[in-house]
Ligand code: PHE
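One chain comes next, on its own, written out as structure tokens in the form predicted on its own.
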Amino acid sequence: MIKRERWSSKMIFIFAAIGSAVGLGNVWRFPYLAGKYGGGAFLIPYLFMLFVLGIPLLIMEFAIGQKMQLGAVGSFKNIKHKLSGIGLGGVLSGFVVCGYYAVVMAWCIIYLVHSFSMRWGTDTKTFFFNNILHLSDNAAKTGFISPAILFSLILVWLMIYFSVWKGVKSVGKVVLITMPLPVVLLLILLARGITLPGAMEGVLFYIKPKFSALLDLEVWSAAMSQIFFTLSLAFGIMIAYASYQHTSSDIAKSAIVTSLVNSSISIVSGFAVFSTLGYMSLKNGVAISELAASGPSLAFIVFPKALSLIPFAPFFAVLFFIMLITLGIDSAFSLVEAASTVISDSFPHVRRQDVSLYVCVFGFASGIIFTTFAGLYYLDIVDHFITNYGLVAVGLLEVLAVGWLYGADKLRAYVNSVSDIKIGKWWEILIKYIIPILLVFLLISTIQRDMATPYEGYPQWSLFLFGWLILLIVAASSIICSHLSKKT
């Protein structure tokens, strides 16, 4: 029997888990949601979901991976043969995410190069859509492949490959740099932001609570979705990472530390972003609410413009995009590692370097469609369907499998046997009852919105081709996997 790889230390495992959890969404998605949904009031549902949904699910995934000593597919297969498809569904969904996530990182590399000369000038919107993306008029006009994005995408996948090519050995070395570095850079940007004129107006907009927002179910749905996505739940990542821990390693403390550090970085990012937006609002006379409502384009349109206004702009622009790249790389290679772990578990005699190469080449090929002139449209649709349907459905199936088939009580007993912090009966109630209800609510509310109005007004053919069809392929692959597992 081939001996399973191990993390070199407990700290490296924690660094890897935090690195996977903390990604690009911490810098732009959390501040955007806070600005959109009640400022400081958004922290109430956010923190509620952290403790009711995030930490309990992370404890569950850490426990399953560590107990079974296998990736997501093998772990759920050990619970019951026909459940292996649950693990595959998560890994495939995560791999789809990695395909377009790497393209966003490619944009960051291009912006890093342009940061030295601040080439985007004053019209950052035109620069992003026309000069970088060459965005076509609609999803039907695919156009050509952007050479700059394609070349940058190759660089991204080379970075990913050499981060994972030797499994946890290489990952462990990389995270020593890529986990703490963006945190240091974020603190530098925060220090610069809060010293700018108008910064306090931005901070007040960020933290001032609008309690009426708490009556809106969409706010709670957004908080739930953010916690679910930001902790890398249901991707198979945390199960894979935990499988390289010794079976006696502390689980509860690792999950709590990972979750709290991730959320703390999100909250600090909000201060860095809104202090800078406050300065931009003062200089340009644009309302902070309007700037904050830009969503994901915050990183490529609003923030570059804000950075261009401050003293020593190129220096801080370089820091900002290095921060985004280092934030993104951990999340990207963790998605690859989840897939590689499943393959290595199934074919243990294949060299890890070869497995990583195959996964990375396939990942690169799957992302090429997003480098076309209509790539942003396709990326947006795929992201919406995979994160709001695929991952939530996998998470729901996970808690049902663990809570009702494996036994939440049995898994809790294992967690408590290896952890300094003991979890009570409340954890079983959350896993068996509360979390399934929350995830069903999230699915139903998303379906209702999409049925009422087609997502972002995209044509139905594009929603089917890049949304429902991809979900169908992931689901069909998972069902076939489950069927084949029953025969073995």
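In this text the structure is predicted, and so the values were computed from the model without any measurement. The first residue of the shown sequence is 1; numbering continues from there.
Below: the form predicted in complex with the named molecule, not depicted.
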{"query": "Non-hydrogen atom within 4.5 angstroms of the named molecule in the model of the complex for each of 60, 419 and 427", "finding": "no"}
{"query": "In the model of the complex, residue 101 touching the named molecule (heavy atom, 4.5 Å)", "finding": "yes"}
{"query": "Partner contact for residue 21 in the model of the complex: the named molecule, 4.5 angstroms, heavy atom", "finding": "yes"}
{"query": "Heavy atom of residue 157 within 4.5 Å of the named molecule in the model of the complex", "finding": "no"}
{"query": "The named molecule contact in the model of the complex: residue 170, any heavy atom under 4.5 Å", "finding": "no"}
{"query": "Single option in 84, 232, 258, 243 placed near the named molecule in the model of the complex, where near means a heavy atom within 4.5 Å", "finding": "232"}
{"query": "In the model of the complex, the one of 263, 356, 341, 331 near the named molecule [non-hydrogen atom within 4.5 angstroms]", "finding": "331"}
{"query": "Listed range touching the named molecule, judged in the model of the complex by heavy atoms within 4.5 Å, from 25-33, 438-446, 454-462, 66-74", "finding": "25-33"}
